[in-house]
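Here's a solo chain for you in structure tokens, the form predicted on its own.
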Amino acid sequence: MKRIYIEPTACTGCMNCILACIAHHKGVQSVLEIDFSDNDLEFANNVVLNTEGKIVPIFCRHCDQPECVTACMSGALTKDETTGYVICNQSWCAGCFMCVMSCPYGMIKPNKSGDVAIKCDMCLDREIPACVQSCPVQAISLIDVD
């Protein structure tokens, strides 16, 4: 199984990971094509300030025993047996946000319109997630875990 790994000491806070996530999910080839006046821009990763006040990225950890999947009453969140990824089927999401409340890392959030949950999908349609590929200092990497 693969997971996104973050080396927080290497992160420069450039936020390329967020821009790459937005571009990928908007279906554009370059961050230069993003319409930043679009109020519906959403991203599934996040950046936070650590205890030293430095910006660091955070991502869904696709937990071994994901509390979000257990809390999901509609079955929208499932754990793929092969990849180990926690997947959100937004068309099944009831918008109860039990998953948001149960995620110990705060990585599931309501979408901008507040009707369904969103989270990192590991860019399943790509070999390497957009955030990993866009990091100029390789602070974000894709690692094998077993």
Partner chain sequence: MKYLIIGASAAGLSCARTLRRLDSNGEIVVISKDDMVYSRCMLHYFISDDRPLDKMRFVEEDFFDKNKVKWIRNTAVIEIRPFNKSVVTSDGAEHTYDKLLIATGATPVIPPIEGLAEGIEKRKDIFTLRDIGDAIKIKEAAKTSRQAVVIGGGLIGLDVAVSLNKQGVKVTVIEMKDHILPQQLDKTAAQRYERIFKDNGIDIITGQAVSNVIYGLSGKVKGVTLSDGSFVFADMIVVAVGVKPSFPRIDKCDLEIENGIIVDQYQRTSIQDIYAAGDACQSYELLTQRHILTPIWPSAVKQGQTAAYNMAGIGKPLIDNFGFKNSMKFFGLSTISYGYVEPPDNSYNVAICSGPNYYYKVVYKENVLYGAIIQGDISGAGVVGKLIQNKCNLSNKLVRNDWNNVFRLTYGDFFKQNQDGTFEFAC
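In this text, all values refer to a predicted model and were calculated from it rather than measured experimentally. Numbering follows the first chain given and starts at 1.
Absent from the display: the form predicted in complex with the partner chain. The rest refers to it.
*Among 31, 36 and 87, does every residue place a heavy atom within 4.5 Å of the partner chain in the predicted complex?*
The answer is no; none of 31, 36 and 87 reaches the partner chain.
*Look up in the predicted complex whether residue 109 has a non-hydrogen atom within 4.5 angstroms of the partner chain, and give yes or no.*
Yes, residue 109 lies within 4.5 Å of the partner chain in the predicted complex.
*asked:* Residue-level question: is residue 51 within 4.5 Å of the partner chain in the predicted complex, judged on heavy atoms?
replied: Residue 51: yes, in contact with the partner chain in the predicted complex.
*Heavy atom to heavy atom, is residue 41 within 4.5 Å of the partner chain in the predicted complex?*
Residue 41: no contact with the partner chain in the predicted complex.
*residue 104: heavy atom within 4.5 Å of the partner chain in the predicted complex?*
Yes, residue 104 sits close enough to the partner chain in the predicted complex that at least one of its heavy atoms falls within 4.5 Å.
*Along 38-68, which positions have a non-hydrogen atom within 4.5 Å of the partner chain in the predicted complex?*
Heavy-atom contacts within 4.5 Å come from 48, 50, 51, 56, 57, 58, 59, 61, 64, 65, 67.
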